[in-house]
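Heads up, the chain below is alone and in the form predicted alone; it's given as structure tokens.
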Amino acid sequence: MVIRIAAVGDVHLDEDVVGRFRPALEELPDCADVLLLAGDLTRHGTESEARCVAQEFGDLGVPVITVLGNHDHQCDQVPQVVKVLEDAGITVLEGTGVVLECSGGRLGVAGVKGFGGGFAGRCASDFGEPEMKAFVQTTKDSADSLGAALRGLDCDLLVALTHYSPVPDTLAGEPLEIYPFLGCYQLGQAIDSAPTALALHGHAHHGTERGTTPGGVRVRNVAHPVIKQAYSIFHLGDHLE
């Protein structure tokens, strides 16, 4: 039983880059069962940029599933962005999940944008000012929704899709000072709370591709500046290739 997953994040589309990925995307039906997008689809989160994403990633012949990233929130047009994407047949996850019937079995994908906060020993805590407590509560709520979505899926193979990183491993190459703004350990705990086979994220443009959660789940940073190709392919089954 093997399920083929294509994945990329941080494509930051606008009118001037429409078409850049399409030639490679046209080949997806021959090499993948699904395409997962790890957020930051746009530059500033406008409805017009979302239409560029829909044009580039719509009608590919395989299901396309995405989470949004921080850039996709910039202009406070999230409802419009989501509608454009969903009208193009792209599934948008935010603390939710979906199960796909693939030739290699049932693939469950749970996704959330995630949030910052940092990692064990160097993280924010819900102490002090209301603003700090609200920051950390956002982190916790996001991770809790991912964990619930993962545990709620009935499938053969389970994948977690986020924008922010669940582990520090895949941030290597980024300045240490900004780690708290690139991910949080709570996402890793959520991923480890279910029988997750693979976790995919973006956001860290100068990071590293490979990492592992404390519970042993493989983590891959698929940000386009990291993988330097239209998408990476993962063969998910008895082992990960």
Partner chain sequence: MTGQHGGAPPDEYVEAEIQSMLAEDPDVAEQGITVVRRERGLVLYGEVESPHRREEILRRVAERFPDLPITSDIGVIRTQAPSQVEELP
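Note that the structure is predicted; figures quoted are calculated from it, not measured. Residue numbers count along the first chain shown, from 1.
The following text describes the form predicted in complex with its partner chain, which does not appear among the structures shown.
- You can rule out all but one of 67-75, 143-151, 107-115, 130-138: in the model of the complex, only 67-75 has residues with a heavy atom within 4.5 Å of its partner chain.
- Among heavy atoms of His205, some come within 4.5 Å of its partner chain in the model of the complex.
- Its partner chain is not shown here, and in the model of the complex it never comes within 4.5 Å of any heavy atom of Asp59.
- Proximity of Val217 to its partner chain in the model of the complex: non-hydrogen atoms within 4.5 Å are absent; the residue sits far from the partner.
- Contact annotation for Glu47: none of its heavy atoms lies within 4.5 Å of its partner chain in the model of the complex.
- For the partner-free chain shown, Asp10, Val11, His12, Leu13, Asp14, Asp16, Val17, Arg20, Phe21, Ala24, Glu27 of 1-30 come within 4.5 angstroms of its partner chain in the model of the complex, judged by any non-hydrogen atom.
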